[in-house]
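A lone chain, given as structure tokens: the form predicted alone.
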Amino acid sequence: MRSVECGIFGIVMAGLVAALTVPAEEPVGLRVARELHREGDHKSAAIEFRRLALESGGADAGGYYWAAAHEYRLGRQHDIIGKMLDRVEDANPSLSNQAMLLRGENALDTRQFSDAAFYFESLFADKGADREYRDYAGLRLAGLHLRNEDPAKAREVLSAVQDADYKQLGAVSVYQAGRDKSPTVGGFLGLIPGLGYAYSGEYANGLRSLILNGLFIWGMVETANDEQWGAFAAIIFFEITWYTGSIYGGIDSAHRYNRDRLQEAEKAIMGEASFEPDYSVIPSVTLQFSF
């Protein structure tokens, strides 16, 4: 009898051990969210992550809300990201650095450059943050200092970034050595059709403007000589449009030149830097950085 009882006890204990060692099946919603992410349906993935956050509660909810914010950013739904990140920090304050990083990226996406500088500077100055977080924030911050016309500050930040190299520091030097184009000068030069475009290096646009304005002027002269005043009035109307377009084109091309010069420098500073969340461990928010 005792041997039977021992056998039953052994079977029960073995069953309990097996039950404890079998991993719990992950939520179906999590598998759906991952699949939607892979398919590029980021809005639907964000909704699934939000549903998981509501179902789980506690600290896990913070991780799911962060994933939802990340998916909303990939889907370019920037207006809701801040709300998601507020919930991240309420549910799990230990994710403050992950939330700060995403706040900075969202501010950049929406061209709120002063806000972006605040977030990245806060993360860069946080000595308790992981080195990869600080380095990534430093690269972003250096680009923002260039945008604020402070290359010396950009160079200072880069010198403290562990993964920065001579190419990134050289990008600051190249930008500092260059010169912006003056929109005012571009507009004045645009009084001569095509010259405003040429000032900013847009030679094809300049040639096109010169040819079209020349054709309209030729048409005005020809119709005036033939006393075709109806055609003359129509042509002069279009010529006024193209001529004023030459002036505004000179202004806009200068702005484009300055914007492209800055973006090229920012791109050179960032290099291959990027980050991606590891959804295999969500609701733990683990970011994989590359530089």
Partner chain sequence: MKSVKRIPVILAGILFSVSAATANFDLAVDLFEEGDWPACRRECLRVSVLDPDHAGVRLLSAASLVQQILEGKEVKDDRVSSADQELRDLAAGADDRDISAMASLELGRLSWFRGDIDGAFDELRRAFVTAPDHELFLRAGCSLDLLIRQNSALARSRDLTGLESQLNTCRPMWTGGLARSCVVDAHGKERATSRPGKWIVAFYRSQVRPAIGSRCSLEPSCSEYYKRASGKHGLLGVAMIGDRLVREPGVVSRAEHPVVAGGKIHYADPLDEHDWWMER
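Take the two forms, find the largest set of C-alpha atoms that superpose within 1.5 Å, and that set is the rigid core. Positions refer to the first chain, counted from 1. Please read all numbers here as calculations on a predicted model, not as lab measurements.
Below: the form predicted in complex with the partner chain, not depicted.
- Of the candidate stretches 114-122, 91-99, 132-140, 206-214, only 206-214 has residues with heavy atoms within 4.5 Å of the partner chain in the model of the complex.
- Heavy atoms of G62 never reach within 4.5 Å of the partner chain in the model of the complex, leaving it off the interface.
- Taking the partner from elsewhere, E264 is found to have every heavy atom lying beyond 4.5 Å of the partner chain in the model of the complex.
- The partner chain in the model of the complex comes within 4.5 Å of a heavy atom belonging to R87.
- Not displayed here, the partner chain is approached by T241 to within 4.5 Å at the level of heavy atoms in the model of the complex.
- Proximity of I47, R50 and F237 to the partner chain in the model of the complex is complete: all three residues have a non-hydrogen atom within 4.5 angstroms.
- Shown without its partner, this chain lists E26, E39, D226, E55 as candidates; in the model of the complex, only E55 has a non-hydrogen atom within 4.5 angstroms of the partner chain.
- Residues Y72, I80, K83 of 67-83 are found to place at least one heavy atom within 4.5 Å of the partner chain in the model of the complex.
- Comparing the forms between the shown form and the other one on their rigid core, the Cα displacement of G104 stays under 2 Å.
- Once the rigid core is overlaid between the shown form and the other one, G62 does not reach a Cα shift of 2 Å, moving by less than that.
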